Ligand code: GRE
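The chain that follows stands alone, in the form predicted alone, written as structure tokens.
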Amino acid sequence: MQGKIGLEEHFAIRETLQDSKGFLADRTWPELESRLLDIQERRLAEMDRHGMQMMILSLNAPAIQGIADPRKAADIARRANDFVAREVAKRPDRFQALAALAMQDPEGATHELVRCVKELGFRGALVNGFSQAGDPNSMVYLDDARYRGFWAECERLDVPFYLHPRNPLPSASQIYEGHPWLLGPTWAFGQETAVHALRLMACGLFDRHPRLQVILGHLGEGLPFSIWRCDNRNAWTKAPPRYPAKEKLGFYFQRNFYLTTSGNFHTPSLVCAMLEIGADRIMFSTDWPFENVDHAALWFDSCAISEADRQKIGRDNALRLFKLA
């Protein structure tokens, strides 16, 4: 398929580059480093070879969310946003961007989101899970009351918010002790992000802001398979859920969430997501440079779905959600 749009496509600046070093084997670092720092050359060549018209760019992880000092986090976020804005300006037909935000300072993050959308033309924001705010051992999740003003502004701006994974802190990783291979994309990324998304659904956020749209990568971090059980849970007992939200979690999942194919190039998983959330709420992504463009594109172009759904997922849904006229 020609004209595909990918929207979990990462870059790094020098200040955040080392955050990506531990995710893959040391022998792969020179290649990954080169991929992260390049935007206009190798990346564009990969896109051209595999039918991608556009990448919507976002900073690597955990980056801003892992900087406990709010001032330093805000400074690095602004530098990253200014850098990628300059890169987008060189080829706006091929690149757009999502804002990096220092959620350690909710008011400052709100102002930066407004600046990025209104002044730099960004299409939304991507945040790497919880933030270490003040204390390096803190884990502040986005259902916290301090973010109420931020979410209100996000809805008012009518831009989507991408909830991207990060590993739990060592202090919260006892379940992985002795099994470090479970960290990262193997398992911990998905588990951490799925719980974070469920917290957002359950806290009443989408009752207050019904037009807010959140994006999850990797075909929903396992939630399409599990959301029914989250709601059903021993249904014969007739016990009401113990959370503030007014509706079942599946209601918000189907109304307030989009999913992408980033790093999950598996047709049964795609079909499960389509059955649960609908083809109108799934979008193509590669997860470059941590995954290969060719692996994503060759799978997607040939997977066993209808051509109408392929066009929606590969292009049309992103055009609509991100207002890419």
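Not measured: the values here are computed from a predicted model. For every residue, the number given is its place in the sequence shown, counted from 1.
One more form of this protein, predicted in complex with the ligand, exists but is not displayed; see below.
Enquirer: Select, from the options 271-279, 284-292, 43-51, 252-260, the stretch whose residues sit within 4.5 angstroms of the ligand in the predicted complex by heavy atom distance.
Expert: The contacting stretch here is 284-292.
Enquirer: Check, residue by residue, if Pro92, Phe95 and Arg123 all come within 4.5 Å of the ligand in the predicted complex, counting heavy atoms only.
Expert: None of them does, since no heavy atom lies within 4.5 Å of the partner.
Enquirer: Is there a non-hydrogen atom of Lys312 within 4.5 angstroms of a non-hydrogen atom of the ligand in the predicted complex?
Expert: No, Lys312 is distant from the partner.
Enquirer: If you check in the predicted complex, is Phe189 within 4.5 Å of the ligand, heavy atoms only?
Expert: Contact with the ligand, yes.
Enquirer: Can you tell me if Pro185 lies within 4.5 angstroms of the ligand in the predicted complex, counting non-hydrogen atoms only?
Expert: The answer is yes: Pro185 has a heavy atom within 4.5 Å of the ligand.
Enquirer: Could you confirm whether Ala61 comes within 4.5 Å of the ligand in the predicted complex, counting heavy atoms only?
Expert: Although the ligand is absent here, Ala61 would touch it in the predicted complex, with heavy atoms inside 4.5 Å.
Enquirer: Which residues from 1-26 come close to the ligand in the predicted complex, meaning a heavy atom within 4.5 Å?
Expert: Read in sequence order, the residues that approach the ligand (within 4.5 Å, in the predicted complex) are Glu8, His10, Phe23.
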